[in-house]
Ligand SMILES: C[S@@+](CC[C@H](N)C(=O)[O-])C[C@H]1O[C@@H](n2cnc3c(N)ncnc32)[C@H](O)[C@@H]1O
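Only one chain is shown below, in structure tokens, and it's the form predicted on its own.
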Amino acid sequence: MRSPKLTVSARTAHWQRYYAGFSAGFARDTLAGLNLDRSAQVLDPWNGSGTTTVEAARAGVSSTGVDLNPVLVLVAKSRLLSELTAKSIPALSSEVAEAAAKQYGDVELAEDDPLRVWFSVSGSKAIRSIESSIRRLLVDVENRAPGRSAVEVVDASSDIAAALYVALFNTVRSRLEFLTRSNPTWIKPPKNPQSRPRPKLDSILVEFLSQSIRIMSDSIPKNERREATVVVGNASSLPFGDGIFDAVVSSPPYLTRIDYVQATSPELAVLGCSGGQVRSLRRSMLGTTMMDGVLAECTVAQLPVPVQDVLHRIRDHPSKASSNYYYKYFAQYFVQTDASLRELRRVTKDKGTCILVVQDSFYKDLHIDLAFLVASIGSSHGWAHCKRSDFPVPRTLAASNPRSRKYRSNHAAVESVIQMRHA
């Protein structure tokens, strides 16, 4: 088995690079090793940028991807673009650009439009005119419903509509490169309104058309494509019946306090998500850093003993905020993981397989062997732990935090592939 780790160069025309995930080669090897027949159904409940669904399509296996982040659902949908459908991109992107140019002068930008946090008023109008043209021409073709929520727009988007949305995402991101930090998963808007980019409509349209053409190069050949569905949803409450899927192949968010929603905040602004909606999405994510709710100790008490032992050691650690914020953060992660593995057991067929990629971490000097803990949770829900493969990761994001050096000098990690079957 090859290492699941993404390389720094692992990026496509559809997306720059999604930090938590696995490589296309790993997904191909894993799917091939499952020996699935043509009727099999594969699920990725933390689908992210869509590596599982696109590689399943290339392998001739039907798949379903679920993710809470509507931006990543669009990215995953765009990567399912077929070679045949991709041929219509030049004409459609030109039509969108023409419509955006015509309506630019009539765009009424709301005072609280989230794009205004990132761009000048004129730049925001240019981007909003393209977004509304994509939605009007390719998403709301029948009912012309401009008031749809971001989730409704995303779920109603075809692969080609998603591709043009991602072309717009890439256009926006290219104008915000100066905000890139050492932590690639975190981006903040300019503090000074005067430093917000002020792109002209013409330059935005030219780059949008260029980004649209780039996406054509990464389409799936027609003879390889199989049915694939990607939807907005929560792994802890899946919208499927019992016993549908033959296999689960996924990588849940790492237990490393990475804010995956904040990493896509410019793209969420393109979709019109308000600050309140973004905060709500952040609170819902597995591994969220926002501890607003009250954690029920009775729920924690239902977790497997090895998980409770780790939580108690975190709670009793002498460092600041261990018994409050950090305990709640880790406990909430494991409670959500517990609910998700229960759901995965429900929607997977008898004798089904669950393959998860996880990464270990540290709390100060305390090692968190996430693979062992996830396998323990899985076992409590009827998953039998069959196999574990470990791969070293020489350097992680923890190295960018100088305060972590107080507890350890080595910031290497271990990425583990755990395979479970129904007991």
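We number the residues from 1 along the sequence you see. Values in this document were obtained by computation on a predicted structure and should not be read as measured data.
Beyond the structure shown, there is the form predicted together with this ligand, which is absent from this document and is the topic of what follows.
Checking I130, V270, A235, V230 for any heavy atom within 4.5 Å of this ligand in the predicted bound form turns up a single hit: A235. Distance criterion of 4.5 Å from any heavy atom to this ligand in the predicted bound form singles out P253 from the list G352, P114, P253, P199. Of the heavy atoms in T299, none are within 4.5 Å of this ligand in the predicted bound form. Within 4.5 Å of some heavy atom of this ligand in the predicted bound form lies at least one heavy atom of Q336.
A residue is said to contact a partner when one of its heavy atoms sits within 4.5 Å of a partner heavy atom; A247 fails this definition for this ligand in the predicted bound form, lying far away. In the predicted bound form, at least one heavy atom of G48 sits within 4.5 Å of this ligand.
Note that among 210 to 218, 300 to 308, 166 to 174, 253 to 261, the stretch whose heavy atoms approach this ligand to within 4.5 Å in the predicted bound form is 253 to 261. Applying a 4.5 Å heavy atom cutoff to this ligand in the predicted bound form picks out S284, M285, L286 from 269 to 286, in order along the sequence.
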